[in-house]
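Given as structure tokens, the chain that follows is alone and in the form predicted alone.
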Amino acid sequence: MIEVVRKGISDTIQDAGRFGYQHQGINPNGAMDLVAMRVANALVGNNLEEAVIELCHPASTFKFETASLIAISGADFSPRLNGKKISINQPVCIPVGSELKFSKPLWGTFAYLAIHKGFELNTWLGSKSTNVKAGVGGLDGRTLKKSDVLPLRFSMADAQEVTVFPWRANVSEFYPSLEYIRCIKGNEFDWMNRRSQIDFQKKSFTISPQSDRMGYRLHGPSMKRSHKEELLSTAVTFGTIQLLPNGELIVLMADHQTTGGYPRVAHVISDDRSRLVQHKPNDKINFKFISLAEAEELFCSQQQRIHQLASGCRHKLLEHFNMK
């Protein structure tokens, strides 16, 4: 098991999400950065959808009462194990009594801690993801707090000292240095007037500090509608960009509502969602439209690379531990 010895600002248990219930008004939740979650799981030999701890800065400090194989991916919060810095995107075997803390943010917004075999926690509607508003999933449906104890499924019984494995995941291909976030047009894009349609594609937007796991609010040029018809409440998803009545945009995130009545002007493609969620408040972003066919091709390529990484990690771990 591991104990939370110092509370973080908003750390929760998340997996790939809770699906099949949006028609009942139950949002999917799940990790904000699904790529980082899957990379962390791949590095410790887990199922890619296994539950992990999603960390925000300042993050929790953990004490391991069980020897464990761990990996951290996503944001770099300068993790330190027993006072010594360790790298992200690299598996580490740690003995009983080890303390993991995070000192300062170097890059990104959400980090993910995966542990071999995962946590011994109950599922709700097929997922361990925390739904804070409903108070279900994860650990008692809430953020982690001091003195919480998380039971683990597996103990690395032979771990007597910290062992940093000599391989790392190269994640640069999942976070390319592009000057824009790619998206496809939404059903109501043409509801904006011509000037706003051009501004959406040409102007920069700033992520508002009033952003959270439900949505990233954007400050920028005011979007004007030429189409005044009201939209019936319609299905939305992670990455949907809605036009609010005040002319601002909001990008829906992992804890998004199941339906919405605001115009859906665009949808961030799956391949770029992880890049977007790792932006901080006051960061500037631009949008660029691509075709649905291009978006599908990028998504398939991303998933192929993740599965190749998982296969390579399993092979490496079998060589070291003869895991089954």
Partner chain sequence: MEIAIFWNRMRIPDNHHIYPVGDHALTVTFGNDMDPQLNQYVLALANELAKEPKWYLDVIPSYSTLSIVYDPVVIRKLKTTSAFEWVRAKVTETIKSSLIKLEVKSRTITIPVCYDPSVAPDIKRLAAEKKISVEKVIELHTRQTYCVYLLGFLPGFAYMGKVDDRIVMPRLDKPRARVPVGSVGIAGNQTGIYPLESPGGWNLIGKTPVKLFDASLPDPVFFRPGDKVKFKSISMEEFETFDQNTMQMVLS
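The structure presented is a predicted model; accordingly, all values stated were derived computationally and were not measured. Numbering follows the first chain given and starts at 1.
The following text describes the form predicted together with the partner chain, which does not appear among the structures shown.
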With the partner removed from view, which of 154 to 162, 140 to 148, 186 to 194, 170 to 178 is the stretch that lies within 4.5 Å of the partner chain in the predicted bound form, judged by heavy atom distances?
186 to 194
So in the predicted bound form, does residue 20 come within 4.5 Å of the partner chain, heavy atom to heavy atom?
yes
Would residue 233 show up as a contact with the partner chain in the predicted bound form if we use heavy atoms at 4.5 Å?
yes
Is it the case that residue 237, even though its partner is missing from this view, gets within 4.5 Å of the partner chain in the predicted bound form, heavy atoms only?
yes
Mark residue 124 yes when one of its heavy atoms lies within 4.5 Å of a heavy atom of the partner chain in the predicted bound form, and no otherwise.
yes
Considering non-hydrogen atoms and a 4.5 Å limit, which listed residue (68, 278, 270, 46) is close to the partner chain in the predicted bound form?
270
Members of 304 to 318 lying within 4.5 angstroms of the partner chain, judged by heavy atom, in the predicted bound form
none
